[in-house]
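In the structure tokens that follow, the same protein chain appears in two forms, which are kept apart as structure 1 and structure 2.
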Structure 1
Amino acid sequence: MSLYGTMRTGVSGMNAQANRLSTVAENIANSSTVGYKRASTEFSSMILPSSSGSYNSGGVQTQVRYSIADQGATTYTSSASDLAISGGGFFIVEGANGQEYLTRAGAFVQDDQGNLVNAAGFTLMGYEYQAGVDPTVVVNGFDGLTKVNLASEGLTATGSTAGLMGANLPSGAANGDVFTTSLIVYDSQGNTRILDFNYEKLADNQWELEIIDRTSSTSLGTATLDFDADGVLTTSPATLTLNGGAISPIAGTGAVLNDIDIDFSKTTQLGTSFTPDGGKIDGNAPSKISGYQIDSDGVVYIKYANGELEPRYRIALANVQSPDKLVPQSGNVYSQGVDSGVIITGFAGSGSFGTILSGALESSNVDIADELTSMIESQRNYTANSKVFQTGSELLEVLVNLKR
């Protein structure tokens, strides 16, 4: 029976090479597909039991492998919503059927709803920020994920709650000298109020800071600033809580001013002119959305026209123990397979997850030169296998011709 066995072995070899050619064909076809991971074939021998006198030729078994963990080259694009992962991990995307998949194909663009959808029609998923607090991850599942939506919302404003103001007070000033600077603060509806900072010299090494709302001339708080012989502030704690409620709302607005903590620890008293350091205050005036920005940790910021950034979503990443064993699906997505291990979700920049590059794409990891050499190799192997089959067939013919 070994002649038939030889022919079958040849057929199995041809099959195996055909499989290999198929993967080469697919790789070449997808050599420009963003996030595509090359398929390769590995062969394993199948050996039949043989006795010492006769040999029973076996066959070859094909196994297709995917180099999913092998990173493709990063290329830069001009779109901020084109995302690439540098390192491990996958984007979590949702298909039209509502099912979550993993992918490395990050060519996302906004659809008519404002959702980020990639070239294969999968929607990017992430966790939403609630009141600016970093969201919590559900490590072992897809619960809590929402579609990342960049639809422009209206205006927003944030009231001021804390700030700092430092200045050098001229040590040579006469008692009673007053120096004034001012700072803009925002009320709960984003209206601006000007606070005047009046520094009045009371005595040597002692000043009084009074903060006054300019519009209503209401004093919001005073602090005595004491300096040591070196001009260093000794008042502690060096903060002043302004009573925002003391200012009546701007007529007809109903907006309130929060209590504001002003840190004046950077005040000095040295022998030079009055020099305020610029101060700093949180909060912002109402502003239109002018775009979005995605940082390397996957935080999606909404960008306002005045330059403020507000975190809105955090893109979730997922990974498995054996990424190469994920089950590929159409559209460059992968689903969990029996051998891949369970899916773990997390954020970029932590654990085994890489960082997210905005405005970049991960190219396919196919190398045409490699594929062409494989192609030549399998072509030769296929021919050799066909020769085995042909030889078996010819020998059989000889055998058949013995019987007349």
Structure 2
Amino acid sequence: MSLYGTMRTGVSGMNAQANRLSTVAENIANSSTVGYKRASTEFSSMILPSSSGSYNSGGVQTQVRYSIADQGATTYTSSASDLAISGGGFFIVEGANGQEYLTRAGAFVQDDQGNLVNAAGFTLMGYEYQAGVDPTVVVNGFDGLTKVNLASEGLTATGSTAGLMGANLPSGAANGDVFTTSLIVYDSQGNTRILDFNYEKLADNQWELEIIDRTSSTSLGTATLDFDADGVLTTSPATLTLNGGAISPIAGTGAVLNDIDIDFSKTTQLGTSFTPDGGKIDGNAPSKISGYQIDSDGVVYIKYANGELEPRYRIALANVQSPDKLVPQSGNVYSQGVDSGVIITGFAGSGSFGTILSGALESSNVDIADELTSMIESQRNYTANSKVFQTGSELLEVLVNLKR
């Protein structure tokens, strides 16, 4: 064994402990960073060829590991746009360069354009609802994603396109008896129109449903309702498409009534009184946006002043086979690495993805007590390695002095 080899081994040990101290310092510095994942240093030995009579000391090398898969504690806040994931998955965010990244840091707030942006300036991405239809996720890429924008708009109104009406029709009614209920629908400008649902008994187990615009008395559609001996509706399909173009707009408005699909599958014929179930219709009258809500599935609802909720976005999540192998980037975000596996996207609550908590944040998974312990260990080990180097240096000096 050479003295130089001893000194190089000591330096190797000091470098390794310095790396460990660096991760400890980073962990402590980010102990309060939302969604931060702890870094740790792993050591592995470097062995040099030796013989029974001569030993060559090698050294030690380090590799930094990130505990990205370990979830931090959840803390609750008063902001609905603060988001945490309970379970697997990452939020997909977009940087200023237009590149998508993954993150668990969900402290999102609206910027001046209404986009949800976290503390590091990354914008939350999701899929936009089209006509209230749940979006379809692209599992192997970021195509179709758009920025989640909650900018308040002026008054908005949506015309009705679909609804349902159920009712129990009295089985003991005489042929020709008519029972009526009504439903409010909205035209393209949010004006209300009242539609009367007239149920006329034609024969045993058979009724006719006619839907009439109350203002103009115009029939918008009819359907024959057939029931079996148990009073269960057998008409199929149990839907009726109303011809909205059959009635004139409200005077001076120019608004149109869309064709509306009415689902009457919940209609029954039983031995009790006529009982409408209240019905349901989509669309809304003009109303201001008063806020927003985000549910556990990641659906972002716009809340109107009249209390109605409209799904506007669905937050997308992403995951990889080995989250701990993701490549950390500045701003508490991660990108795909060669060892992490490919990125798969999906929605909260499906597959291996966790659920989204609104009004909550995921804390750093750093344990200060563990970090201080590691720091003390590193300090002692660094000192011990420096003593090895110092001893080698002193022995070398003795060797040099032999020449004098």
Partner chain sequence: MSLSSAIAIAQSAFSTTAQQTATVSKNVANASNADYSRRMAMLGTTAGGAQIVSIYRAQNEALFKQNLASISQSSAQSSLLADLEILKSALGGNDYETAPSTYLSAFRNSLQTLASTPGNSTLAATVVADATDLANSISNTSAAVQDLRLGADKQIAEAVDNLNALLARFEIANNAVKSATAAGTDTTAALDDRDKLLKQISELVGISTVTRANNDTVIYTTGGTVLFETLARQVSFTPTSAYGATTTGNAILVDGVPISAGSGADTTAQGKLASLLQLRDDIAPTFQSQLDEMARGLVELFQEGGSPGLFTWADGNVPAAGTIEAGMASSLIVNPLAKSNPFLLRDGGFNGVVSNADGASGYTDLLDGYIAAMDTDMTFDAATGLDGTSSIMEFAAASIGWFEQIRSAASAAAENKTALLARTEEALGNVTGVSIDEEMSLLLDLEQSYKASAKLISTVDAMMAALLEAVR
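Residue indices: 1-based, along structure 1. In this text, all values refer to a predicted model and were calculated from it rather than measured experimentally. In this text, rigid core is short for the largest set of C-alphas that superpose within 1.5 Å between two forms.
Between the two chain copies, the one drawn from the form predicted together with its partner chain is structure 1. With the core held fixed, residue 227 shows a CA shift of 2 Å or greater between the two structures. In the core-superposed comparison between the two structures, the C-alpha atom of residue 86 has shifted by less than 2 angstroms. The Cα position of residue 141 differs by less than 2 Å between the two structures after fitting on the rigid core. When the rigid core is fitted, residue 252 shows a C-alpha shift of 3.2 Å between the two structures. A C-alpha shift of 6.6 Å is found for residue 161 between the two structures, based on superposition of the rigid core.
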